[in-house]
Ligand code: PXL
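Shown here is one chain on its own, the form predicted on its own, set out as structure tokens.
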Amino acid sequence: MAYKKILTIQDISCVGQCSLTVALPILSACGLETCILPSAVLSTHTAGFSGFTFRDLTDDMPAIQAHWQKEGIRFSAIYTGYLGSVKQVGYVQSILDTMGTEDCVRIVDPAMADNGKLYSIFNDEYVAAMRGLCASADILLPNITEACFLAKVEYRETYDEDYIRTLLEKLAALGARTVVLTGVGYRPGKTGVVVYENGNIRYYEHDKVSKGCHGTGDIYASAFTGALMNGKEILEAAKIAADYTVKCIVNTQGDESHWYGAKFETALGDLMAALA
């Protein structure tokens, strides 16, 4: 495999095992030169911690991009995660459109919602901006809630394959070549990922762990990107990322002191074995 330089754009939560503190080690472990563009720096993530610090880095983004352009820096892949504002989404869209190599893979994780609701910081204006970002993506990685907001489809707790197909078709119409939809389960105790390409649907089902962990979306997206950039076909990358994420959750079960994230480091060996 050629040595590849990739860029990931999301916040740094210094403690809490999510965003860049997940993406950087996972992608590096996958053998990729991982460059970062922090959208903000927080002392911890915002789910369960109180009194956290927050420093917005939005206004630094254009200058960083301009410096990269001056130096002739280009990336083989660009993977975006949590973005904190409409203004940031606009800056990131410019980066997606201008900073890749000729064969750059652009992966967008529209991290903005879960369990039928937007995160408290976001509104309809942000969703509209994220739809625009999807048009610049080669691969879109939403969960079902995010997919529903993007596609303007009513969120359902229970659904069938026709509902999922409608959701995927509307997402593809936004402009992304491929959609990888996570958290799709048709049977009790099971969940999985759906890959949608050129009108074709492929599904990988796996066991659902009853108690999840914060940050598993970031773990999944990072592992998927790492597998894909190691030459794995999209469905295979989706499978590898799903199995790795499940292993991270399982390794965290029973440790009540570790309520704030998943022990992704303990399963990196499994990810490396899958890539090999």
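Being a predicted model, the structure only gives us computed values, none of them experimental. So that there is no doubt, residue numbering starts at 1 and follows the sequence shown.
The form predicted together with the ligand is left out here; the points below concern that form.
- Proximity of residue 119 to the ligand in the predicted complex: non-hydrogen atoms within 4.5 Å are present.
- Of the heavy atoms in residue 247, none are within 4.5 Å of the ligand in the predicted complex.
- The ligand is not drawn, but in the predicted complex it has no heavy atom within 4.5 Å of residue 237.
- Shown alone here, residue 26 lies farther than 4.5 Å from the ligand in the predicted complex, counting heavy atoms only.
- In summary, the region of this chain contacting the ligand in the predicted complex, judged by heavy atoms within 4.5 Å and restricted to 204 to 212, 55 to 63, 37 to 45, 221 to 229, corresponds to 37 to 45.
- Contact annotation for 5 to 21: residues with any non-hydrogen atom within 4.5 angstroms of the ligand in the predicted complex are 11, 13, 18, 19, listed in sequence order.
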